[in-house]
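Given next, in structure tokens, is a single chain: the form predicted alone.
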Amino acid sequence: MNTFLNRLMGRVKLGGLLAVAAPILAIVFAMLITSVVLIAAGKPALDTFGWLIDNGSQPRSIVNIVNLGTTYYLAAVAVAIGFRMNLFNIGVDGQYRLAALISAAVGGAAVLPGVLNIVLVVVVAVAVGGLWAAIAGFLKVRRGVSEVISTIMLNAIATAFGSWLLIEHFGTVNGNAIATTPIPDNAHVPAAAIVPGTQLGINTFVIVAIVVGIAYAVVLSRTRFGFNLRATGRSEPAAVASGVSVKKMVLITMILSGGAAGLIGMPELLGSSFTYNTNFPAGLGFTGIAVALLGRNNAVGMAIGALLFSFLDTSSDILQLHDISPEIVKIMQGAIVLSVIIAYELAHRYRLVAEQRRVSRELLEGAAA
């Protein structure tokens, strides 16, 4: 019994060490790659990292990091829902932008007053995102169309369709931009916290992001539905043998992924701009893919990845003052994601080799006895 417990603890410790070591080594490797690029460009590597850290530790930057990280986290969860079932929902970008546009138009119409209008905007955004993603899910289960291809095409369609809706139906000229009717003041989401001595506020949707992250972790790891989702992603034949309807799970997962994508634009819409215009943030869905990969689809891991990415994006503004292109941050972000993927794969292979050696050793010991 003691021998068994010792071996079990040894395996747990090994797995824990690998899980911690992999991302740390990946970040260090990404910093080395970035340093090489900086040195090749004739820029001071250590000073650059120091400027990023100094700028990122300022109160204004901390608030911006949390707010931007909230958006990145919601995008990562939307992508991760599909990833956990081996579905690659590249259409998150189109889903959240179309959802933000239509929900902004509904909110600007002020059909309901105050808080009810906020709830209506969020519900409409989730519904639009889910329905748009359902198109890709339907094509996959009925016609076998790859969700990668369909969601890429749906991104382009959502962009064109959204532009048409904004120009022809929902938008009005506001300066140099076309925007929807602003959401009334009584339907604005107040800041969750104000930094003392400043007017800086942390977006209330950070609470929503936390709730979404908890729900994501609980549903996928503690419910029958989550088990069916993960089982289908790992082995469709095994899921079918267990009585799971694969087509049903594909469609539901895509709808859930799209529904979560609908939340991505809400921090900006209800907490900052209060309208949808031609300058509304784009590309957040693709950032979500990177963050989900960085966090290994884990609720906590994605939170760390979202904050890391938002830290780099927020802190990069200081680099222009030192004649360093802020694009160096994009290089670092890409290197981090690539390094994490490689590091986790190497850790997985090392774990398999260690397990095989352990089994061989036990077999030899059993044969000798």
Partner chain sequence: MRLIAGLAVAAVVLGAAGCGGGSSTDTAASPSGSGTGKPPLRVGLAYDIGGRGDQSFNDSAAAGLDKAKKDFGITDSKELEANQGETDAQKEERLRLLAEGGYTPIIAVGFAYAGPLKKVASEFPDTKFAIVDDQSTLAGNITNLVFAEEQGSFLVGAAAALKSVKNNVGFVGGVQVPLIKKFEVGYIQGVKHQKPDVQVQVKYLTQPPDFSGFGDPAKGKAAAQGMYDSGADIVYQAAGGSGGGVFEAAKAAGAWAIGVDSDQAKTADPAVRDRILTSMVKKVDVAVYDFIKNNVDGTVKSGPIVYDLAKGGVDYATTGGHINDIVPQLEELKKQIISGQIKVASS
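Positions refer to the first chain, counted from 1. Remember, predicted model here, so these are calculated numbers, not experimental data.
There is another form of this protein, the form predicted together with its partner chain, and it is not shown here; the text below is about that form.
- Heavy atoms within 4.5 Å of its partner chain in the predicted complex belong, among the stretches 115-123, 176-184, 210-218, 135-143, to residues of 176-184.
- Taking a 4.5 Å heavy atom cutoff to its partner chain in the predicted complex, the contact residue among 45, 31, 318, 342 is 318.
- Taking the partner from elsewhere, residue 276 is found to have a heavy atom lying within 4.5 Å of its partner chain in the predicted complex.
- Within 4.5 Å of any heavy atom of its partner chain in the predicted complex lies no heavy atom of residue 86.
- With a 4.5 Å cutoff on heavy atoms, residue 327 counts as touching its partner chain in the predicted complex.
- Proximity of residue 159 to its partner chain in the predicted complex: non-hydrogen atoms within 4.5 Å are present.
- With contact defined as any non-hydrogen atom lying within 4.5 angstroms of its partner chain in the predicted complex, the contacting residues in 38-71 are 60, 64, 68, given in sequence order.
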